[in-house]
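Quick heads-up: the structure tokens below are two forms of one chain, split into structure 1 and structure 2.
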Structure 1
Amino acid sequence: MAKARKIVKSVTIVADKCNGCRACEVICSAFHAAPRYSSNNPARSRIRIVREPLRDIYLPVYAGEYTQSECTGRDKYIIDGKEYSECDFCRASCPSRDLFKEPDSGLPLKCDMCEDTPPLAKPKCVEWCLNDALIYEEREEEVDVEEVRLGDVEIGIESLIDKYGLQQVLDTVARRVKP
């Protein structure tokens, strides 16, 4: 398989160091305002601190993919005696909650690592966290370049071919296709 070099950007979240100040939310929403920095509104931020001071829960979470439907079962985690919902760690903009949606339109928000031209040295939330709860890393990785990225259906069909052979799958599909 072909190989390529790729910059992988990541933030290590040291939740133990978070002081709960929400500066990351302030500067994120300001950076993404148009014009840049012209307003701020933590409800629009693409990073949110799941914050319950009396239970000592401080969990910075970045906005990830939009999802159409919520999960069915949701697990609970108990870590160091503190109970978290699976949702507390989840990056999705999801119908089950208000998080990571524009407060006016409800459109999903997603962290873009503050992509800008010229590029910033690090995302603004990391720069504004003086407590080192957010640590930015860039590393170059060698990644496999797949010629075709398989979708779910393709993966399924491939497994059927593995099991039954190509001809039997083709015959079955042909029978199923209604004229």
Structure 2
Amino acid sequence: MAKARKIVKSVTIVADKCNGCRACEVICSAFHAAPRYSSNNPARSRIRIVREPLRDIYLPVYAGEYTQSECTGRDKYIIDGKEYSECDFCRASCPSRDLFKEPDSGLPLKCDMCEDTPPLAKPKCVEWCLNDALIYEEREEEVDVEEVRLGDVEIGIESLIDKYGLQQVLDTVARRVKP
């Protein structure tokens, strides 16, 4: 297996600085609306605030990978006398809860670090966090790269053609190839 250098993007959460304003949720849902900024529905946000306002506890959690089954971890955490389940802090979209699922379709949501063209300097949630509770970091790592098998590419292209049509696939490839 070949090695390659890859830029890994992450958001570090400083829970002590979060005041629960939920600006991150609002901007995330607006950025990912179709068309962009046309609506605001925090249920579509890829970041959520776990909150206990009476005790002034707020914890941002952003969406991670989809998992097809429930985890077996059912640990409990007690923070300032209040009990939380492990699911409260979990980043995964899983079958046992509706957190990080698109409300209309039920499809899982995953943080994409606000990938855009041209690329943004940092994700919108980090940009809009007034208390610096969210810190954007990029680091370079060496990762294993799987060699692409021709059959996988053909299956992928056939799926795209079936879904979008040959002409749209060709137009998209042509756009992506231009410098």
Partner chain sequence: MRYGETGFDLEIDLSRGGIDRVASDPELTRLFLGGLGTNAKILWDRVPPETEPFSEDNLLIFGTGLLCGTPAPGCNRTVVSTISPQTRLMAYSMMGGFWAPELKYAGFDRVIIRGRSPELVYLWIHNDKVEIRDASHLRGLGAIESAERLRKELKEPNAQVASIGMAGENRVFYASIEQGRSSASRGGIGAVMGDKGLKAIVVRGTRDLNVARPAEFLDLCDGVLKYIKHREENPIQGVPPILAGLGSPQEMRIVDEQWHTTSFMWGNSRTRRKDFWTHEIEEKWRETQENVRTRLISCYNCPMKCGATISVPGLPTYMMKCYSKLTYTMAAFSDLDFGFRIAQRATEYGVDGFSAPQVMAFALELLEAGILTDEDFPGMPPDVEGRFFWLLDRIVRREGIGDALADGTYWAARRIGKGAEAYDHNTIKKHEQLPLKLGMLNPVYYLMYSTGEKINITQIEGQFPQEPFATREAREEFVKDWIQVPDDKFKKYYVDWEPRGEMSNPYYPTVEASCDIVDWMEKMHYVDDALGMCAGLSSFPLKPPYHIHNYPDFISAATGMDFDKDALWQSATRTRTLIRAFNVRRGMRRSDDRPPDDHWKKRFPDLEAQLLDGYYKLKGFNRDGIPTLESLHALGLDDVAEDLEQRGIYRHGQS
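Only a predicted model underlies this, so the values are computations on that prediction, with no experimental measurement involved. Heads up, when I say rigid core I mean the largest set of C-alphas that superpose within 1.5 Å between the two forms. Sequence positions of structure 1, starting at 1, serve as the residue numbers.
Each of the two structures shows the same chain on its own, and it is structure 1 that derives from the form predicted together with the partner chain. Once you line up the core between structures 1 and 2, the Cα of residue 79 ends up 2 Å or more from where it was. With the core held fixed, residue 158 shows a CA shift of 2 Å or greater between structures 1 and 2.
Core-superposed comparison between structures 1 and 2: the C-alpha position of residue 15 differs by less than 2 Å. Superposed on the rigid core, the forms differ at residue 140: its CA is offset by 3.0 Å between structures 1 and 2.
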